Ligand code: NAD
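The form predicted alone is given below as one chain in structure tokens.
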């Protein structure tokens, strides 16, 4: 189901049938058969999907995901969420996404480079014209973005590049920065508590989860549980995140670090003030939402909470900070990198973090005011604000 099928969005678009038609259907969906010879014996064949949902507010922006479970439906959903994310935070981009169905764990850096080169070959016009601006996502990183830049030599055609070739200091940490700031600001405004000393559980210790945990640890929060694809660990006294990050750099997974072993499912139910699902979609559903003990849930991943779970949380008084606000740090930083590439200006990591903090706080404040005024949940208020921005842009451009 499209996120634009939700009742709150339908109500907001009441009487605006043309807007509804455009938002319910992506502008363009490309289904691509990638065929790549990575050596004289190995042929990779993969389905790939490129989706541009809505570009009324600016060029399509969205990461390139390589994962064995990628589908067209998932790619479309992520493109829709990017439309909402950029609109809510005021970033002048639209929503896009690329998904490539391969097991990224079985690909080396050379294979990924060849995949990126073939992708550029197929959608070169969209990239060169600035219609689509990709970035890293699951299974890709700065090296893959460097491969895209190497094919086009247009600095602003891709973001998330290595710092040495036009990348942005602080871009790697940006999503974790916005998730951690959202958690701290949410604790202050929704729980009426300072983040210092609050217990936090983080599901997922990849790029987003690890930097989220790092920043929260720096703020004085007590991170009591973390996990990755191989399971997790729990320590009621708090986990030393700096030591854990060094351990993971060496050993790849959190398993074996100091703490009690727990599963990803058990992590969602630990005693904590704040729960941050930062791994993948649909991990909290009607089956386990009632078991969540945290009073504040911050969506670090895209779509980690089902609609049924949202309803359970609303009835229980659990506050939810939606993904299209909490994890918007990546696209906010991408905007700074894109703008810097065009102007030639230089920006420090601290300036990036400060801009992310200001942008999230401004959007969060608007969201809370609307939620209070109209008696909406945080997610509903965010959806209303984002849809208003996109609808206004479509009206101004004469689309509706």
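Just so you know, these numbers come straight off a predicted model, no measurement behind them. Numbering follows the first chain given and starts at 1.
The same protein also exists as the form predicted together with the ligand; that form is not shown, yet it is the one meant from here on.
Across the options 124-132, 189-197, 301-309, 88-96, residues that bring heavy atoms within 4.5 Å of the ligand in the predicted bound form belong to 301-309. The shortest heavy atom separation between residue 72 and the ligand in the predicted bound form exceeds 4.5 Å. In the predicted bound form, the ligand sits within 4.5 Å of a heavy atom belonging to residue 229. The closest heavy atom approach of residue 116 to the ligand in the predicted bound form falls outside 4.5 Å.
Taking the partner from the other structure, the ligand in the predicted bound form has a heavy atom within 4.5 Å of a heavy atom of residue 65. Screening 159, 180, 327, 83 for any heavy atom within 4.5 Å of the ligand in the predicted bound form leaves a single hit, 327. Taking 313, 215, 149, 205 one by one, only a single residue has any non-hydrogen atom within 4.5 Å of the ligand in the predicted bound form, and it is 205. Along 133-154, these residues reach a heavy atom to within 4.5 Å of the ligand in the predicted bound form: 136, 137, 138, 139.
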